[in-house]
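One chain follows as structure tokens, the form predicted on its own.
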Amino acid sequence: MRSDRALAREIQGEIEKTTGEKVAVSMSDGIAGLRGHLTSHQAALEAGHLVGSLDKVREVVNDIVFPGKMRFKSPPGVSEELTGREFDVVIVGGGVIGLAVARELSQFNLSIALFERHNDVGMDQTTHSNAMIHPAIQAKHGTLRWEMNYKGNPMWDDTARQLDVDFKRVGTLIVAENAGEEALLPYAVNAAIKHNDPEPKLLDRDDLDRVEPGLAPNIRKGVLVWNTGIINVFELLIAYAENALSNGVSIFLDTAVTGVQTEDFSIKAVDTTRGTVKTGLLINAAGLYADRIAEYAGDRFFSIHPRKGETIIFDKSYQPVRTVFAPVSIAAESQESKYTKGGGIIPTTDGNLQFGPTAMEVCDREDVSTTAEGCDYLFDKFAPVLERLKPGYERPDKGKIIARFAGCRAATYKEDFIIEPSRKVRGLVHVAGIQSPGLASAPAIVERVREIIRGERHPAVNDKFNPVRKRQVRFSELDLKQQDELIRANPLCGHIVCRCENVSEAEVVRALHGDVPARSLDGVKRRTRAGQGRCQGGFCTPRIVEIASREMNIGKEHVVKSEGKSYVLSGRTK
């Protein structure tokens, strides 16, 4: 068996050959450590990916310095109000994974706390996702990502039903444009079966017309990967949080973890911006900062490198497809891509069409900026596809783009999930590297975490656990008689704040006073859809600022769009 030193020298030579530059490489227990200076971010990424692609490397810690590299700054303390508190379990990260883990572990008689650094749940990866429940066909066969994907996808029917969240299986439709592409369709069927997806359906023209009407005359055959789903991800986050709270979990927002205390290689306490909390079990579900939490705990064996994806969203008046839609050429492109599924044409549960996402490596984990170039790239890539494949439908028009958004994925250099107890620190469980298809995989991921905790701690079952959560029905979903009854009971239901989405003042008030209350305009938007319509808040923003000011008992100039100092108003004029 080759020594770590010999392997490190070999890797060092490969990096120099690829980048033309030298870095220091160390190897220990399968973990490759990279140090040194390179001339660019791209060179550092290439070095990390090269090492991560080696089977003999378990993970990569990339500490290469390059011009423009972001330096991490731990947030300052705010108070000591949590000092002295003690919980059986502390979960770091309030995205979909952290919240789902909290809900899952509340099945046991454990005191559980979840810490989220933002003023709302899911503000990093989850709310910046495309809300798609992917089939496993696009995940690399044999990886943990693939295993969690194929196991998690079918679990969403029961999970969405329990949480009362809008979820639809719309399917991915792959269509052939010529005889050559028709010959490739059986390969798509076989690939899906190999990846443990349910067997897709080979469709002739009559079947295609029933699934996706209006296809071009030359399209005679296709494949429907029918287990693809879409979900209301904003509602899902609130649902997970509300159900976790109802089962005894404590959720602390605006609370960042700044350190982890260990003793004899065991978790003892967690330092936060609001004080130190004692615990013997720490779940690291910190997403883009999971490597920082691992470092705090003395077990950093991977690096997160953020990969940004941009998406454009169209007005509801433009709904050309029912399915996640792709010709064979684009489906093949996503299969061949090493680090991304290539984006697509994706409907949403609310009736908007999406193009995206892109995939671009960035330095800043907080980079959610959108660009004209990203918008143009997505439109130029997917608009011609729709024009070609659905010629009878309204042509794509940039004028119907109502929003653009971006988010960063928390990728490791092995491009796989990490779901395991620490090999160095007792009481530490890593749930890291969860990038797409993390949403599709979530039910299987948390089930795996549950079994890790059960095996290590043997906790007693919580007989009072209730997995069911009922959502509040939207005013816009009711018929006229039901709306009239609501208005008679509460006149605020008759005050329509958002015309585009038909959102009432009562719904805004409810969002501001919910179990997980909105503390910003974006928080109200995520809970009610006020501001998500055609005018993107042009009409409703002043009214929501007024309502938020009243209900939160703060001046209008203190109402924020998101968090921090993102004030909507700069001050009073008179």
Ligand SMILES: Cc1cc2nc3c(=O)[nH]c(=O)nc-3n(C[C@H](O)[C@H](O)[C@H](O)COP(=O)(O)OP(=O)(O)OC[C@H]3O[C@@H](n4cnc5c(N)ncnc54)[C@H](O)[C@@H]3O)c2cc1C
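Note that the structure is predicted; figures quoted are calculated from it, not measured. From 1 onward, residues are counted along the sequence shown.
One more form of this protein, predicted in complex with the named molecule, exists but is not displayed; see below.
The closest non-hydrogen atom of P443 lies beyond 4.5 Å of the named molecule in the predicted bound form. Residue contact check for P437: one or more of its heavy atoms lie within 4.5 Å of the named molecule in the predicted bound form. Shown alone here, T255 lies within 4.5 Å of the named molecule in the predicted bound form, counting heavy atoms only.
Shown alone here, K381 lies farther than 4.5 Å from the named molecule in the predicted bound form, counting heavy atoms only.
When you look in the predicted bound form, the only residue of A102, A136, V96, V90 with a non-hydrogen atom within 4.5 Å of the named molecule is V96. A heavy atom within 4.5 Å of the named molecule in the predicted bound form is found for exactly one of P200, P306, G309, G344: G309. Of the candidate stretches 162-170, 177-185, 111-119, 452-460, only 111-119 contains residues with a heavy atom within 4.5 Å of the named molecule in the predicted bound form. Shown without its partner, the chain has H128, S129, N130, A131, M132, H134 in segment 127-142 as residues with a non-hydrogen atom within 4.5 angstroms of the named molecule in the predicted bound form.
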